[in-house]
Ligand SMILES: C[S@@+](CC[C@H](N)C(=O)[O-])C[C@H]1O[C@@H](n2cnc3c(N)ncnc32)[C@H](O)[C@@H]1O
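Next comes just one chain, in structure tokens: the form predicted on its own.
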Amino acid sequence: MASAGESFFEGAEKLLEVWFEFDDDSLESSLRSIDRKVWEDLLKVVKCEIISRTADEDMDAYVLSESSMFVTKDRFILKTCGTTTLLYAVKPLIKLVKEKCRLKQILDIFYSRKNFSRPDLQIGMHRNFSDEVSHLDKQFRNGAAYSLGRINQDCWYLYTLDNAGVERPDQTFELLMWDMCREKMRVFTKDVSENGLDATKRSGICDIIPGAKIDEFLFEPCGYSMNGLLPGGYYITIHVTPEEEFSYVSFESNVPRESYDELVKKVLEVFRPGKFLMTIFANKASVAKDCHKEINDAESLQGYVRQDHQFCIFKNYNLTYTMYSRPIL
């Protein structure tokens, strides 16, 4: 994390999620059978490293120097901020899984990110979404790329596969927030909080989804990352870039909800952003598949006014994109 006033830090993350299908249910046919050292080598390609690991029956969760990584039996999630080179890891990731596990096929891939504040500081293909798409198209024959929101202002990019995808219930909820409340952000500095646990308690993060097994880290002199695990293969992850000049916070979870209204309210109360965009991915088997109907009617929310709203139907997933901001007084 950059200290305030010294240099710019890009809080907006690149998010990659890959679902694999294996030939059998043996222990070798699991991403969790891959050694930590192997993951560390893969992350060198991305230009980040592991800080800590926590696990439960269903998932391994890693706090990284730049965000997080989650590994289940058949799903890999990598979320990295700053000037990391995430997409350079896709080809070696697939090669690794073929070598270490009995890979049958890739069921689906999701790559997404908000538009960067300083794309000129990114490395190689990551300066431009079109270049990222070209890189992915060389590896996947049926890729589909989308841009939601206002391309001349704030928007959100997505690359996925044009196929049936994952059949069991799956959903992902994201809140990407910026223009953050200065007082709320002070909690995520060493001037106010002693460590990650202290910041988790002071901020109220521990109360957003009670009962999560939390692993957190407070950076020096500021910045915060956390992973939380819940039974059933569910997770939450939060990342905070508190510097006033480029403040940014992300919240992500795959916890299933018929409505995310209460969860949104809790997150907004903890962080109080000036602007935020919300995305909800849910496949046809998910209880969240129809939550877009509620969001469609929410022209205002907790003191925020809706700026953009889009709903997309893919072969097996519904996607809702909505952006809100505080009204200009």
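Quick caveat, the model's predicted, so the values are computed rather than measured. Throughout, we count residues from 1 along the sequence that is shown.
Keep in mind that the form predicted together with the ligand is missing from the display, and what follows is about it.
Ligand-free form, site status blocked: the ligand, modelled in by superimposing site C-alphas onto its pose in the predicted bound form, brings 3 or more atoms within 2.4 Å of backbone or C-beta atoms.
Put simply, R113 is far from the ligand in the predicted bound form: not one heavy atom of it is within 4.5 Å. F9 belongs to the set of residues with a heavy atom inside 4.5 Å of the ligand in the predicted bound form. At the 4.5 Å threshold, heavy atoms of Y159 stay clear of the ligand in the predicted bound form, well away from it. In the predicted bound form, the ligand sits within 4.5 Å of a heavy atom of S67. Taking the partner from elsewhere, no residue among L87, F129 and E132 has a non-hydrogen atom within 4.5 angstroms of the ligand in the predicted bound form. Comment: 213 to 221 is the region of 95 to 103, 142 to 150, 165 to 173, 213 to 221 lying near the ligand in the predicted bound form, near meaning a non-hydrogen atom within 4.5 Å.
A heavy atom within 4.5 Å of the ligand in the predicted bound form is found for exactly one of V187, L229, I109, C81: C81. Although the ligand is not shown here, in the predicted bound form the stretch 243 to 264 places heavy atoms of E243, Y248, V249, S250 within 4.5 Å of it, in sequence order.
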